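Have a look below at one chain only, the form predicted alone, in structure tokens format.
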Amino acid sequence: MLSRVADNLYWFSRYIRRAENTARLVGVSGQLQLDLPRSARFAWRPLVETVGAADAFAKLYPDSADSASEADVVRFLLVDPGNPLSLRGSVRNAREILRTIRDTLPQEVWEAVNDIHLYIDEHGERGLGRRYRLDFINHVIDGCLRVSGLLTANVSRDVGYQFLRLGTALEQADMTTRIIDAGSSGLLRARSGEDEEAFRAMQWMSVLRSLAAYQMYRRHVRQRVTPELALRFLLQNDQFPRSVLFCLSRGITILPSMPSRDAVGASLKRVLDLVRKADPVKLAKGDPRPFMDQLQRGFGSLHDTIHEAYFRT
């Protein structure tokens, strides 16, 4: 397979998974805000940090600063053409990639991605308001899941499919740590100290729901949501498909089906070891963000290694 095609397949799957996670994050955050009592304040700014777009947000919305409004953040994350990491930007990038490799994937995949793209163009502005936002987001999530289902059901298990799987696994692991990072950054702020513990539990429930993990958490853990248990589940559960451990372990199983590159395996195992050795109790008692930043740097290094090993021409 040409390195250009492999690169495109890898990034196509990353953009589809990124779009789905961005939509989930905005949707659950909006729902959480509506459910809050008056004694709590919801901070939208951490969502910008989640996708690593603080600089772009500052340039596009210089008056927002730390008191970023709901309207500005939602527009920035969903449809702002100036944000390449927005929902619209991710879908547009996936569509443009697919345009160049349409002969490698089923026609139904192109039709599904194009449907999402056209839907965002037609309904994106309407979906910014609270009244129609959830319908808009759910439609996009359903579209992304349809694409994932088509790829799983209709694509031959050749080396190209392995690049799709690798991209999906790395993107999901990265987005899981970013959503954890946002959750531990203080999405909810109590106006009185006596409410802080209750709001902290609500915040971690929001993190789980952002990753479609709440029901599986209840099934596996069977305890009320606490920071340490939520962290353990999202970082180290070996059965939930969006946990960091599951995604990286899947990467390990994918590599034997791809051209042998020792550097990729070594880089992947280094990040996997970090996750396995993490202490959720210690992270929950302190600040999990430095560890999430460390993992994200590890993912960045892993991506660079993958690019050097497979895509550099």
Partner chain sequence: MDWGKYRSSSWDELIQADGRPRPAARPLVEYLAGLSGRELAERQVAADVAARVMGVTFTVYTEGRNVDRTLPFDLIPRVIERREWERTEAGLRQRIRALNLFIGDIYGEQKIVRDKVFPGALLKESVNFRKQCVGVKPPLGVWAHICGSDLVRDAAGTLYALEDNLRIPSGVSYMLENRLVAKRVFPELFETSTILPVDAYPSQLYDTLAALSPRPGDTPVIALLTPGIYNSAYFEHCYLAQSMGIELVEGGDLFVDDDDCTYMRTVYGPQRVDVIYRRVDDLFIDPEVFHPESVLGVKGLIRSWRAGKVALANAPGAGVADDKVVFAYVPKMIRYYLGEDAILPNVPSYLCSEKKDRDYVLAHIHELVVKPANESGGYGMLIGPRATKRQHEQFRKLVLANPRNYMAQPTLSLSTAPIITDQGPQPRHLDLRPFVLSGRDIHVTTGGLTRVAMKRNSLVVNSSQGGGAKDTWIVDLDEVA
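Predicted model, so just to flag it, every value in this text is computed and none were measured. Numbering follows the first chain given and starts at 1.
As for the form predicted in complex with its partner chain, it is not shown, yet the points below apply to it.
With the partner omitted from this view, the residue of Asp142, Glu125, Glu96, Asp135 that lies near its partner chain in the predicted complex is Glu96 [heavy atom within 4.5 Å]. With the partner removed from view, the residue among Lys269, Arg261, Arg276, Lys285 that has a non-hydrogen atom within 4.5 Å of its partner chain in the predicted complex turns out to be Arg261. The partner is not drawn, yet in the predicted complex one stretch among 156 to 164, 169 to 177, 231 to 239, 215 to 223 has residues with heavy atoms inside 4.5 Å of its partner chain: 156 to 164. Mapping the unseen interface onto this chain, Thr152 falls outside it, with no heavy atom inside 4.5 Å of its partner chain in the predicted complex.
Within 4.5 Å of some heavy atom of its partner chain in the predicted complex lies at least one heavy atom of Arg102.
Proximity of Arg4 to its partner chain in the predicted complex falls within the 4.5 Å heavy atom cutoff. Contact with its partner chain in the predicted complex, defined as a heavy atom within 4.5 Å, is made by all three of Gln107, Glu111 and Tyr310.
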